[in-house]
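Before any questions on binding or motion, here is one chain by itself as structure tokens, the form predicted alone.
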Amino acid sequence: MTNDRQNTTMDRLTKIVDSIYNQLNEGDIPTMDLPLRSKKNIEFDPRHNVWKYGDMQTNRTCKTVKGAMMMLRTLHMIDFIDGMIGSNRSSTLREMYYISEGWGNGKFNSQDESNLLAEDLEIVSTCMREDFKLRPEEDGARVIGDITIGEVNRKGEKKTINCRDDVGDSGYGIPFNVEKEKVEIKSGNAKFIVAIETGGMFDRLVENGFDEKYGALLVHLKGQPARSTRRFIKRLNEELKLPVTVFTDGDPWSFRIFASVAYGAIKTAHISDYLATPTSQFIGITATDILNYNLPTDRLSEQDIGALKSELTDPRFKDEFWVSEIEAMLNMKKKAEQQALAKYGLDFVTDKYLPDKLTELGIL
């Protein structure tokens, strides 16, 4: 049985099919307009502090063999999505790629093609991939802290879960779909969120009882966070008014993890408003920390140096804090991991480093 959200999704996808059919019926060569998906059409919206597509458009047309093939795949994919919604089933993006083997001339040559087409359908329909019943291979983050949620299980029953008292050491696992129809955020006594890059540091904070001592909600980002993780963090920020802090390694790639949580990523610019939490604050390792704490370091690679220089021209890193820290890291040519704090013992990160950072931000 479909819900209102799924009905809306199919209505919008059906309009795409209708448009192609009507063009064919009129004797016209079918076309589809899409935003140009390149860096030159990505704009940073300073009002909302997120990445968005600009006004540049591209035209997909059946005048070329490549365009005709993509149009055929579009129809196959919409039919596949319709079948999943009607039968209340879901598919991974990888499964859909292999299912296309049965589409004859419409099969994909690579999974990159199928992933990009799913994103195209998001843009054209203004629906989410999750509404299409498509899920990624990777799972969402782990969460530990005093919030209570209601999650609909596989039998359609809503189960109430406290993310501290009703879970084991691994925490609550965020599902791929975290919309209100699936996950209800009921209440919580947590005071703020610490989104953590690495599993080792997440486990350290859990073992040290950081969540209970300071009222923190701990979220393991698993490196570059999945869409469901970013969406869940945004919902917690908006619905429970929890401040968001991001705790990462001190290197350019980790800085980008923070930026994806706070401002969105170029790849998902069409849904930045849906995923990004612009009020997020960085409490990860900085060049200043490396100096002040005399942390163990590694030398920057040429790729690291190139990435840092690129970030100096990235609007997400335009404020004085980031310019100063990036330039300092380039000058010292060193980077450091979160775990480098263990130089001062296993409790240093929870007894000294994080409390000091959170106090500076006015969160503690």
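Computed from a predicted model, the values in this text were never measured in an experiment. Residue numbers run from 1 along the displayed sequence.
The form predicted together with a further copy of the same chain is left out here; the points below concern that form.
Asks: Go through E184, E212, D112, E239 and name the one with a heavy atom inside 4.5 Å of a further copy of the same chain in the predicted bound form.
Replies: Comparing distances to a further copy of the same chain in the predicted bound form, the residue within 4.5 Å is E212.
Asks: Ok, T126, N189, T92, T288: which has a heavy atom sitting within 4.5 Å of a further copy of the same chain in the predicted bound form?
Replies: Looking at the other structure, the residue within range turns out to be T92.
Asks: Kindly indicate whether M69, R230 and Y274 are, all three, within 4.5 angstroms of a further copy of the same chain in the predicted bound form, using heavy atoms.
Replies: Heavy-atom distance to a further copy of the same chain in the predicted bound form: none of the three under 4.5 Å.
Asks: Does any heavy atom of T148 come within 4.5 Å of a heavy atom of a further copy of the same chain in the predicted bound form?
Replies: No, T148 stays farther than 4.5 Å from a further copy of the same chain in the predicted bound form.
Asks: Applying a 4.5 Å heavy atom distance criterion, does R204 contact a further copy of the same chain in the predicted bound form?
Replies: Contact check for R204: yes, within 4.5 Å of a further copy of the same chain in the predicted bound form.
Asks: So, in the predicted bound form, is G86 in contact with a further copy of the same chain at a 4.5 angstroms heavy atom limit?
Replies: Contact check for G86: no, nothing within 4.5 Å of a further copy of the same chain in the predicted bound form.
Asks: Is E179 a contact residue for a further copy of the same chain in the predicted bound form, using a 4.5 Å heavy atom cut-off?
Replies: Outside the cut-off, so no.
Asks: Using a 4.5 Å heavy atom cut-off, indicate which stretch of 263-271, 70-78, 99-107, 239-247 touches a further copy of the same chain in the predicted bound form.
Replies: One stretch meets the cut-off, namely 99-107.
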